[in-house]
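What follows is one chain in structure tokens, specifically the form predicted alone.
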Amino acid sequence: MSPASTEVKGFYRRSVEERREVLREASGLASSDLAPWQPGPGLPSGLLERMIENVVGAFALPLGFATHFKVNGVDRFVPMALEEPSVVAAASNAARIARLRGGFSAQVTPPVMIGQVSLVGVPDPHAARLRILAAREELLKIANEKDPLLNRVGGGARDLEVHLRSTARGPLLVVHLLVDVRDAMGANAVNTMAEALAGELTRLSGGRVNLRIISNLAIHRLARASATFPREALEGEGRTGADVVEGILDAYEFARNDPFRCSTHNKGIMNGISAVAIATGNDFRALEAGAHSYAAFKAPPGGILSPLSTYETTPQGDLVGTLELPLAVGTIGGAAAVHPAAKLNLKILGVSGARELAEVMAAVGLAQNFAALRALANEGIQKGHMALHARNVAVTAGARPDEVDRVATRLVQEHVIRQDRAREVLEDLRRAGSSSP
């Protein structure tokens, strides 16, 4: 049912209950229909209203923990929040295989973010670039005065760059302020510093400041992970480990040379990373933007995209996977400091700060990517994925908790994962009153 009008005066000023009532009446629903919005006891409405606007409740995602992860010699239970079947299981299985050769090795570069200030209408852009560079120390001083706390903990504005772009609207001068944000994601600090430079940059350039904003293409804040996957552990479905290694290498070359495949290759990496980001209260949208932009940024001349991961073999024939991408994550500030579940998940994960969190995320991204390629090169991606998806189909068809596994098992055996078939199987089981599929 479509509402007569979405023009609701003062909607943001109303209470949570009043907003719910507006939506209930407009949609022709009963009060009981709104029960799924009810937040849990650890997430009161008052807290939710401090996080976003026009709150009516909470939207829950399944939260699971991946097992077997060893990153830089440290064991980690990794929180993952998402709705897609098989992701947590695949990451755990990949981590189990990597563990046979010591687990994942991971490193990060310093947590330096880029704040961009764009200048338009500059009469002498080349000369203005030099004037701005000559005023570097004064500009950094202005920026750092905006966040003395960040300076006290070892961060702050470190450097600036000036880039000249040619656009359809004339020359564009872009100043990059490089800021070490320590354990924060950094958006608030960087945006505040970038805005503080507007007056002086206007004077130095003779132009007009347009945008002052952080960039999510965090090329100075990279996370890297690597792992060795033993050839003998990759056997399956009648294929030798050597066959699977060759299949993965072929799949990697497919991604290197075809942008359509590369897009999905990199999406698989983000399946794992974004799930950890959501579970720890990080901005998964910024991470997705940065990762996919970096894939284009590092593409070879004439290319469109580049895989974020690489695969090669050791002299012994084992598979070595590596991953590099920007990961601007934080363990202080934002939802990571406010959301009770995010804080709890970070405690269980046991990271000491943003550096270790990024290392774990990179390891999870590599594990997820390896698991997907192994499945594609071996039994196909659908076997494990659809087995788990069958449980969702069974629930949608109306199966009770004690019936879900029986219905799902039948669907998988028949290779028919559809709701209409799930309903038929459910009816058969209930008529028969059988306790076996």
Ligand code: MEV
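Being a predicted model, the structure only gives us computed values, none of them experimental. Numbering starts at 1 and follows the sequence shown.
Unshown form predicted in complex with this ligand; subsequent notes refer to it.
Of the candidates 163, 261, 96, 101, 261 is the one whose heavy atoms come within 4.5 Å of this ligand in the predicted complex; the others do not.
267 is the sole member of 239, 267, 136, 298 with a non-hydrogen atom within 4.5 Å of this ligand in the predicted complex. Comment: 365 to 373 is the region of 365 to 373, 65 to 73, 404 to 412, 40 to 48 lying near this ligand in the predicted complex, near meaning a non-hydrogen atom within 4.5 Å.
This ligand in the predicted complex comes within 4.5 Å of no heavy atom belonging to residue 116. Contact annotation for residue 216: none of its heavy atoms lies within 4.5 Å of this ligand in the predicted complex. Shown alone here, residue 271 lies within 4.5 Å of this ligand in the predicted complex, counting heavy atoms only. Residue contact with this ligand in the predicted complex: residue 145 places no heavy atom within 4.5 Å of it.
Applying a 4.5 Å heavy atom cutoff to this ligand in the predicted complex picks out 84 as the lone residue from 56 to 93.
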